[in-house]
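This document starts with one chain, in the form predicted alone, laid out as structure tokens.
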């Protein structure tokens, strides 16, 4: 038995890791998840907004990071629609407009939200910080039409939302640059708008600098942050399922590390006894 373990085909390990990912995704375990203050702050802020308020959500990511950021986007938008809060979306990344289309269409169908009245997608515009600076003069200046080439003047919501001043909160869903950093430097620092963010796990440590300085009022870091927000909103989304899978696969890897060390030291002990 010991010799078999020493010569175990590594493909068995790969199979165990694969199953430890697939099974929790298909059959969620509902592992206990604690929410953190940075995520709770975003939830509480939106929860306390009056009906008919407007939030601006910027989809600053692409397909490579949608696994981490789509759940955060859906959770925020679901929360907003549940509270009868209007949502305006835009993108600083080229593929962000499509990410927004996909998320908004899915969530809007759940709440019977009407495009043009309950939400609007302005689409993508290049420029980063320069674009954000210019939007102070009005969204219509840089986005004369929405993502479907419909004039903003034909959209009832945009007749009420002229610029940042009409937005109660700005949320950047960021995978890098441009993203949260640019929004903090322009929209928060220069224009004084309340900012929240969601980012990938790898960029979260850098974003916590803005959280600690008070420039961000809340932050969802990686899949865990999105899972925490799903818990607060009361939904069993992909982030919570993903955290189940992540927790199980980490446990499996740790067990394999412990087992391999036991096998190694027992093998060394036997070898020395035979010398």
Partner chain sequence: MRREIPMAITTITGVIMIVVFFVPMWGHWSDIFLKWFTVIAGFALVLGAGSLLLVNLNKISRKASGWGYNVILILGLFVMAGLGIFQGIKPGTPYDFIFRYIFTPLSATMFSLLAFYIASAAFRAFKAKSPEAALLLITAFVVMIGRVPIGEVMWNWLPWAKALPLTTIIEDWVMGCFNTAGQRAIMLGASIGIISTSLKILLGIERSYLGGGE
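Computed from a prediction, not measured in an experiment: that's the story for all the values here. Numbering follows the first chain given and starts at 1.
There is another form of the same protein, the form predicted in complex with its partner chain; it is not shown, and what comes next is about it.
Using a 4.5 angstroms limit between non-hydrogen atoms, residue 79 is distant from its partner chain in the predicted bound form. In the predicted bound form, its partner chain stays beyond 4.5 Å of every heavy atom belonging to residue 177. With a 4.5 Å cutoff on heavy atoms, residue 224 counts as touching its partner chain in the predicted bound form. Interface membership of residue 38, defined by any non-hydrogen atom within 4.5 Å of its partner chain in the predicted bound form, is confirmed. For the options 147, 168, 108, 152, the residue carrying a heavy atom within 4.5 angstroms of its partner chain in the predicted bound form is 147.
Contacts with its partner chain in the predicted bound form, taken as any heavy atom within 4.5 Å, map within 113 to 142 to 124, 125, 126, 127, 130, 131, 133, 134, 136, 137, 141, 142.
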